[in-house]
Each structure stands twice: as C-alpha cells, then as structure tokens.
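Next up: a single chain in structure tokens, the form predicted on its own.
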Amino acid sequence: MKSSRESPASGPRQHLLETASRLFYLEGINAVGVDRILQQAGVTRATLYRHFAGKEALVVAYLEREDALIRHHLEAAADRAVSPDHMLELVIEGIAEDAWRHHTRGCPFINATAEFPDPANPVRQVVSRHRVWFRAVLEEYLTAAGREDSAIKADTLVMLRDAVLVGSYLDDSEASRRTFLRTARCAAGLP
C-alpha cells in the first residue's frame, strides 16, 4: 500500500527508504527487522549497506524524510498564503489534514521517541532538531501575523499538534480534528 505522500521511486535507495518508512510507521521501528524490510523492498542486504550504515541509519533517514515532507508542505502553503493570517490558517488546516488523512497511527516523531528513549541517540537527535525547527517556524508565522506572546502561542500549537496526532489515532479522528481546529485557531488568534 503506497501512500500518496510518497514520491516515485528514483532508485534502490529511495525504494528501500519508502518501504522501511511505511513499515516503521505502520508497525513500529523495533517490531520491523532488517530481513522483513529487505524482503518487502525486494533488495539485497548488500543494497541496504551500500546506502545505509545499518538499521539505525535507515531510521534516521526515515525521520529526516518525514521532516522534509513537512517542510515541503509548509513551503507550499507559504507560496499559496495571501497574508500572515492566511498562512496560520493554512498551517492549522494542514496539521489537521495530516492527522486525519496521512498520520493516522500517531506522530512518527513521538512514536520513534518512545522506541529510542536515549536523548543522545541519533534517532532522538533528528526528532529534537525537527521539534526545534517546527516550533521556531510557528513562532515566525505568529510574529509575522502580529501576535503578542508568539513564543507561548507557538509552544501551544506544538502541543496541540502532538495532541491531534495522538488523539486521532487513539480516539475518534474526526472529533479530534474538529477539536484541534477550534482550539488551534483560538490559540493562534484566528476567528
């Protein structure tokens, strides 16, 4: 089952990464062994080690891919936004859509953190960099929209994103989506 978020395979490395990403997200990183990834991708162990130092490097690439997808979506939203308030609305709608349609099994970053508890681990470092960037970009959008206390509001929106991604998986996804949209718009000072 190929996600609409995946790009066409551009070679063995990309195909391997897409396969591993799908399995890691759907089944859990530690639950999926290298042999299963190789079998599903239809590649050899030599191909894996030609492109990645090992499973941990593949996990890092998976999370970097998730980060790149989110950055791409925010860049696309910035291209469409007609005002700072519109950008905030697009970001909030994008988060809700992501939790409802794409990340239906929780946040890949939170899920990875649960499996890699050591903050010094390279996997956790990717998660930390992503969260610092995401919070900073939200603060930038809030500041551009003239919001006071943009740092506090950015912290709130990050927390709400975490909540909708987890809530959409654990509870009624449509109810989580509606609650997130209402609460995030209020936190961002949108009508």
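All residue numbers are counted from 1 along the displayed sequence. The model shown is predicted, which means the values in this text are computed figures rather than measured ones.
Just so it is clear, the following notes concern the form predicted together with a further copy of the same chain, a form of the same protein that is not shown.
| field | Heavy atom within 4.5 Å of a further copy of the same chain in the predicted complex - residue from Gly42, Pro122, Gly33, Gly28 | value | The residue from Gly42, Pro122, Gly33, Gly28 that makes the contact is Gly28.
>> Using a 4.5 Å heavy atom cut-off, which residue among Glu56, Glu64, Asp162, Glu140 comes into contact with a further copy of the same chain in the predicted complex?
In response: When a further copy of the same chain is considered in the predicted complex, the option within 4.5 Å is Asp162.
Practice item. Look up in the predicted complex whether Arg105 has a non-hydrogen atom within 4.5 angstroms of a further copy of the same chain, and give yes or no. Key: Judged by the heavy-atom cut-off of 4.5 Å, Arg105 is in contact with a further copy of the same chain in the predicted complex.
Notebook entry, point to check: Does a further copy of the same chain get within 4.5 angstroms of any non-hydrogen atom of Val166 in the predicted complex?
Noted result: Residue-level check for Val166: yes, a contact with a further copy of the same chain.
Does any part of Phe116 reach within 4.5 Å of a further copy of the same chain in the predicted complex? Heavy atoms only, please. Judged by the heavy-atom cut-off of 4.5 Å, Phe116 is in contact with a further copy of the same chain in the predicted complex.
inquiry  = Considering non-hydrogen atoms and a 4.5 Å limit, does a further copy of the same chain approach Arg147 in the predicted complex?
reply    = Although a further copy of the same chain is absent here, Arg147 would stay clear of it in the predicted complex, with no heavy atoms inside 4.5 Å.
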